[in-house]
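We begin with a single chain expressed as structure tokens, specifically the form predicted alone.
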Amino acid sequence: MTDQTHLFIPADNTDKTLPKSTGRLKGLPDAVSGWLLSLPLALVLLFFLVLPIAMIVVVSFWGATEFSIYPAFQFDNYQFLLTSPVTYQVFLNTVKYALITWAITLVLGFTIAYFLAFHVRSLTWQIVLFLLCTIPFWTSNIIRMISWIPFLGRNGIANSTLISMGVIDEPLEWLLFSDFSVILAFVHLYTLFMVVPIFNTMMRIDKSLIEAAYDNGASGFQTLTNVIIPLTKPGIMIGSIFVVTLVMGDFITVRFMSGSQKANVGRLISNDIALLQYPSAAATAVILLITVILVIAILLRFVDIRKEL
């Protein structure tokens, strides 16, 4: 019988796992290490966000002549803005555009995201259809916006088609250079900003929750209102913040699509800058910033979007 030699190799009990990162600098206290690690980002935010806003606030208190501005500390700009009926009319017009655009993009964005997340089973087709939604973003906003002008014009494709079909007898004047064309351009430009966060939130929903709702006798509408919409609230809020802030700060869309017949706050700021009235433009920008912050604060009261981040 052949002898077999058994070699017993002692087990190495030393911990060979790699050292885990503690998220701090070696040899420094946690507090000091945290401040040093956040310093680069803090400097970027300070120089490119905080300082520009602070400069706008400071300039808003300056005075201006027809051809120059001069340092001062006066409330003339704010007094003129807050006592002028034009200011309130323009802000109401801006809020109107924001609310209508938000409502339409919410319906469209939720519908598109729902279709992609729950009705398209193949991941490949989900990616293909989602990329299809991004095709308009391959060109600039101005080109996408101006492309509506030959379509909606008096002798454009829309009016010509409706006349040839016998639907109307004469061209519709309100299709272009009106509130309709402005809101249509806004919806075209910003619907994707609503689709993306809602779709991202829906893809995180556990499908077993929907199956459990159906197993318990819930209808499709009950499942939508009691399961899907509550779980999609973070995405809806993020998309709403994107759309509302973009619409309220936009000015070029209103200028082109209304034929310079309508105005919003962004257009008001643009006109002041063109007239070299920088303090007045800065004061209007500060009021707009406060308005947008209040709107975002109201939206954040409904849901904690930190769950989404």
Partner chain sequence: MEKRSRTFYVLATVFAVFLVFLYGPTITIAILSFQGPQGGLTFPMRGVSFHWFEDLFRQQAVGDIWGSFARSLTLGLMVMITTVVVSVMGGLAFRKRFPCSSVIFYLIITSLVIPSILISLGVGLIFSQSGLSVHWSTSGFGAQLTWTLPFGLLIMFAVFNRFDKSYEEAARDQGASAWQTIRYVVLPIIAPMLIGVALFGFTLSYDEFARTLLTSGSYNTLPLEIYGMTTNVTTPVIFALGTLTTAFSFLIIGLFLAIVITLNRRRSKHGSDAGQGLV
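Computed from a prediction, not measured in an experiment: that's the story for all the values here. Residue numbers count along the first chain shown, from 1.
Here the subject shifts to the form predicted together with the partner chain, a form of this protein not shown in this document.
Participant: Spell out, yes or no, whether the shortest heavy atom distance between R144 and the partner chain in the predicted complex is within 4.5 Å.
Facilitator: Yes, contact at 4.5 Å.
Participant: Even though the partner chain is not shown here, does L294 get within 4.5 Å of it in the predicted complex, heavy atoms only?
Facilitator: Residue-level check for L294: no, no contact with the partner chain.
Participant: Are any of the heavy atoms in M257 no more than 4.5 Å from a heavy atom of the partner chain in the predicted complex?
Facilitator: Taking the distances in the predicted complex, the answer for M257 is no, it never comes within 4.5 Å of the partner chain.
Participant: If you check in the predicted complex, is F73 within 4.5 Å of the partner chain, heavy atoms only?
Facilitator: The answer is no: F73 has no heavy atom within 4.5 Å of the partner chain.
Participant: Pick from 131-139, 93-101, 162-170, 75-83: which stretch has a heavy atom within 4.5 Å of the partner chain in the predicted complex?
Facilitator: Selected stretch: 131-139.
Participant: State the residue from V227, L175, M202, L116 whose non-hydrogen atoms include one within 4.5 Å of the partner chain in the predicted complex.
Facilitator: Of V227, L175, M202, L116, the residue with a heavy atom within 4.5 Å of the partner chain in the predicted complex is L116.
Participant: Which residues in 249-287 have a heavy atom within 4.5 Å of the partner chain in the predicted complex?
Facilitator: If the 4.5 Å heavy-atom criterion is applied to the partner chain in the predicted complex, 249-287 yields G249, F251, I252, R255, F256, G266, I269, S270, I273, Y278, A281, A282, A285.
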